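Given as structure tokens, the chain that follows is alone and in the form predicted on its own.
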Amino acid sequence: MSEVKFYCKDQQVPLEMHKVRVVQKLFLPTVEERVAKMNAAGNNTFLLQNKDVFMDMLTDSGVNAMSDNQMAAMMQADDSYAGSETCNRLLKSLEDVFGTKYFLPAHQGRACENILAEAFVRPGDVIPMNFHFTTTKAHITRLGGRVEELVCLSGLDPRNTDPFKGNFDIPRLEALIKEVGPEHIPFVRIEAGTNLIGGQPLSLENMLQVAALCKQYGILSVLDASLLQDNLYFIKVREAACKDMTIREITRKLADAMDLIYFSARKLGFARGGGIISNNEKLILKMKEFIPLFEGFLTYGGMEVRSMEAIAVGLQETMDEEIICQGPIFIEQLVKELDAYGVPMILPAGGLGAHINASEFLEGMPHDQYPAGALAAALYIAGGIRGMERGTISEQRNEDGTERYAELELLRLACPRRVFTLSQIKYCADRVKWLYDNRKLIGGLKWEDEPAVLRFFFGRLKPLGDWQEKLAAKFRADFGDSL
């Protein structure tokens, strides 16, 4: 694999392996306007209007730039309700990449989670996973199941440089199976890589060990492949046993070991949509009836057919070793620059985006003032940059109503693929640096309107005191008439 970079004197800089042919104009409100808009959005970056955002680093889900080949493929879409050739082309592409025969389409990853939960989770069940994702956990708990997180200890240590911090703790997994009994564990979920702890990957060896343990105890192995493309890259460059394997060979070896794989094509494949794949017809039949019930007919599953054509091409592009490296090397550039300045980052650089350790950035701020959320609000004020809180706000309360504090308080700066230029990445680094120098001005948040489920999507908070106005005044003093 070629990690494409060029050299400028003694500096190594990532090189975009694409050219920009369609552009979208951006706007940057003044700092005073940004304070007003942040408060109008309830200090929740999800509630900001995109027209008021200069750099949208909220997510890489559904916002990756599509290639010319994907756009061209969309023009041949067959929009037949049933028996669509578009579905056949997507099925063929999935079989080529993963070696799977069966496919259940769904409109996105969380729809797959809903179907898996409906088909397999019963009250009292325990679902082990290396780490939970918000919607995955919500679907399991609403049906009476319980999630057990079994990520290796290094995964919760922000400065630990273990190359595979998303790995399962295999001894703990086997101990849990023996403790609760295999009959109470419908499946083990493997998330490659782990979203909520900094996009950290798992090794191929670790995932194969989990699959083998599941087979030993008669438990299903389920791979969440939504973030797989970055994880494949990390396996290729960090796992000694895989350095001479192609991305396709790694993908096929992993897929062959799994009972079920599901994915969000809003991440995997540079498109929109998703689905569940397998070589086990019996498992597919158990879930099949839920597709027309919750999603749509079996040849589109709630997806618009042009998106299905884009996925078919995007999956093939994911196997291109000069494309798959692009996200990770630009994320690494941002992480390295901020880490060198002293900004507390999750190391090593993972997939999906750069992750700031908000607990250390805002040292001393109590969990119940939501440091990751406060930092997200502050960064929008400082630069018009929309990140995503991945901390306590992203959790759900305990059954008794008490707050469940997150293991890590992170601000995620997602890097959608083929969207930002290096100058924009450097602008982001500059604004984070300024904010770090002025971090003592940042105060906490408190709830104003708190939904019971998935509160981070549409809950509203307000600042404790007038710290946002003081931060804006300092920005104006330092930057003058600059926006």
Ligand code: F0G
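Residue positions are given as counts along the sequence shown, with the first one as 1. Since the model is a prediction, treat every value here as computed from it, not as a measurement.
FYI, the form predicted in complex with the named molecule isn't displayed, but the following is about it.
*Asks:* Residues in which of 85 to 93, 129 to 137, 286 to 294, 401 to 409 have heavy atoms within 4.5 Å of the named molecule in the model of the complex?
*Replies:* Every other range fails; the passing one is 129 to 137.
*Asks:* For residue 236, is any heavy atom within 4.5 Å of the named molecule in the model of the complex, or not?
*Replies:* Output for residue 236 is no: heavy atoms all beyond 4.5 Å of the named molecule.
*Asks:* Does residue 230 reach the named molecule in the model of the complex if we count a contact as any heavy atom within 4.5 Å?
*Replies:* Taking the distances in the model of the complex, the answer for residue 230 is no, it never comes within 4.5 Å of the named molecule.
*Asks:* When the contact criterion is heavy atoms within 4.5 Å, does residue 59 count as touching the named molecule in the model of the complex?
*Replies:* Taking the distances in the model of the complex, the answer for residue 59 is yes, it comes within 4.5 Å of the named molecule.
*Asks:* So in the model of the complex, does any heavy atom of residue 389 sit within 4.5 Å of the named molecule?
*Replies:* No, residue 389 is distant from the partner.
*Asks:* What residues in 88 to 121 sit within 4.5 Å of the named molecule in the model of the complex, counting heavy atoms only?
*Replies:* Contacts from 88 to 121: 108, 109, 110, 113.
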